[in-house]
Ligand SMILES: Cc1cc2nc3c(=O)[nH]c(=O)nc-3n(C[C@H](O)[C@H](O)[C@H](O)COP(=O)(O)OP(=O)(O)OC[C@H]3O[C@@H](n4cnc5c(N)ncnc54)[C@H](O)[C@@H]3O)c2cc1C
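Next up: a single chain in structure tokens, the form predicted on its own.
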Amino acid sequence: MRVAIAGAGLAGLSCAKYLTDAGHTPIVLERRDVLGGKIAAWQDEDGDWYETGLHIFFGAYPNMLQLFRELGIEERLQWKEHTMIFNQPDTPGTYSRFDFPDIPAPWNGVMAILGNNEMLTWGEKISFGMGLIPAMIRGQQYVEEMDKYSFSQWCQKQNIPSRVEKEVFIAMSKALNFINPDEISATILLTALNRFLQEKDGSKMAFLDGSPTERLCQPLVDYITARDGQVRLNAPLKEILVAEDGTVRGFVIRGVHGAADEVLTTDVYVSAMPVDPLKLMVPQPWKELECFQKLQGLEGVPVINLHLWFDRKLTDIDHLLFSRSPLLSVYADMSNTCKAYADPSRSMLELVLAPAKDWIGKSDQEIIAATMAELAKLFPHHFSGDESASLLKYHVVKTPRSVYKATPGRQACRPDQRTPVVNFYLAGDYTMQEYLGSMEGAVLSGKLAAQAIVEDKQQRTRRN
């Protein structure tokens, strides 16, 4: 069976990988000249990589970790010390840590919280722990029900002091969905907290040892093409052609560089595009179907990723850092955390600017000026006096529509991988799966779409 897949991000490539495992032939179409979608990366004229985002792999990503094992590239994940590190805005240049001891969950998480005495008082820790009890006892069912509240509203409902949100969860909210706690659905943060508390290594973090395009996406392409699948770059989907019975009769691929359009005909079709372009692509005959109407309730959130190269080392910390800055979300010195970007004498900071809705339309120069002002607070000893660190170069990567904006009520808008159109399926982190908008969610959605295609094919074969 031949399957056309629009989109060569993690969802599309994962879907193709699992279809080849089942003996089918995927043809992946990517509109750009680079793999990866929301994890794409590019090289500049100096050979330095810059990426769409700061991509962190968690121990609570079972499908992603299984994919690494199946591709034989587990060693490319560089696991870090099991801790979470927060900047201290009131004492610039200092950090506060949540260290997870090597004991079973949830006790390692409890000990990490109890062991931090800089950010929360004992009363706040107890109130927060009491507030989490319903989520821990009732599990994911309770977590899903809390989608009607923002995280701020949920904290109020559980009598959790507002300082807990300010000290810890503004940073986590921006890291998970690039928005603040008063906007984000309680389901998002509660899902992450449940994973971190229920799995011993759930919150343990790893960095990839190089660019995602080379070190993760290319092995997927090699795996797919070695089994007779195809991955085509510069192949943008222009139109979904619909037959009289409402099924797909072909994908129109827009010709590039003066080439004519092409109609690709296969047995099954998959959209692994982000939700925003998919909404524009839905054929008129499908617009009244509930599955596609629900998509109107989803839209991507803007995010800006920054890369700054300096003439000296700013930090030796080999880990993700939560900035607790009003402008910045998380950052890392990639010269410490990533093997391919290693430099013993100079720093390359990768930072996420969030929320970005007020910044996405500003110039790169304005964004960098504001970022440097924040860095002067994070690294006061390096950006003052006559020997101030110098910025050598930078890249600003804007994504006007990234992962879906997970405000309250969005869970009801997320579609299944199966659609009412019998030969058309969906893959993408916005589709319904338990890991929300993330790399893990993208991989799982691709796997679920492939499973649905294989199961439906088997059922049709049995009926015939």
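Residue numbers here begin at 1 and follow the sequence given. Nothing here was measured: the structure is a model prediction, and the numbers come from that model.
FYI, the form predicted in complex with the named molecule isn't displayed, but the following is about it.
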query: Partner proximity in the model of the complex: His55 to the named molecule, non-hydrogen atom cutoff 4.5 Å; finding: yes
query: Non-hydrogen atom contact Gly139 with the named molecule in the model of the complex at 4.5 angstroms; finding: no
query: The named molecule contact at Met281 in the model of the complex, heavy atom, 4.5 Å; finding: yes
query: 4.5 Å heavy atom contact, Gln417 to the named molecule in the model of the complex; finding: no
query: Triplet Leu29, Gly36 and Val403 all within 4.5 Å of the named molecule in the model of the complex via a heavy atom; finding: yes
query: Contact residue in the model of the complex, chosen from Pro285, Pro101, Pro236, Gly250 - any heavy atom within 4.5 Å of the named molecule; finding: Pro236
query: Position in contact with the named molecule when the complex is considered in the model of the complex, options Trp49, Phe424, Tyr61, Phe68, heavy atoms within 4.5 Å; finding: Tyr61
query: Contact stretch among 80-88, 272-280, 241-249, 195-203 - heavy atom within 4.5 Å of the named molecule in the model of the complex; finding: 272-280
query: Contacts with the named molecule in the model of the complex, stretch 430-464 (heavy atom within 4.5 Å); finding: Gly437, Ser438, Met439, Glu440, Ala442
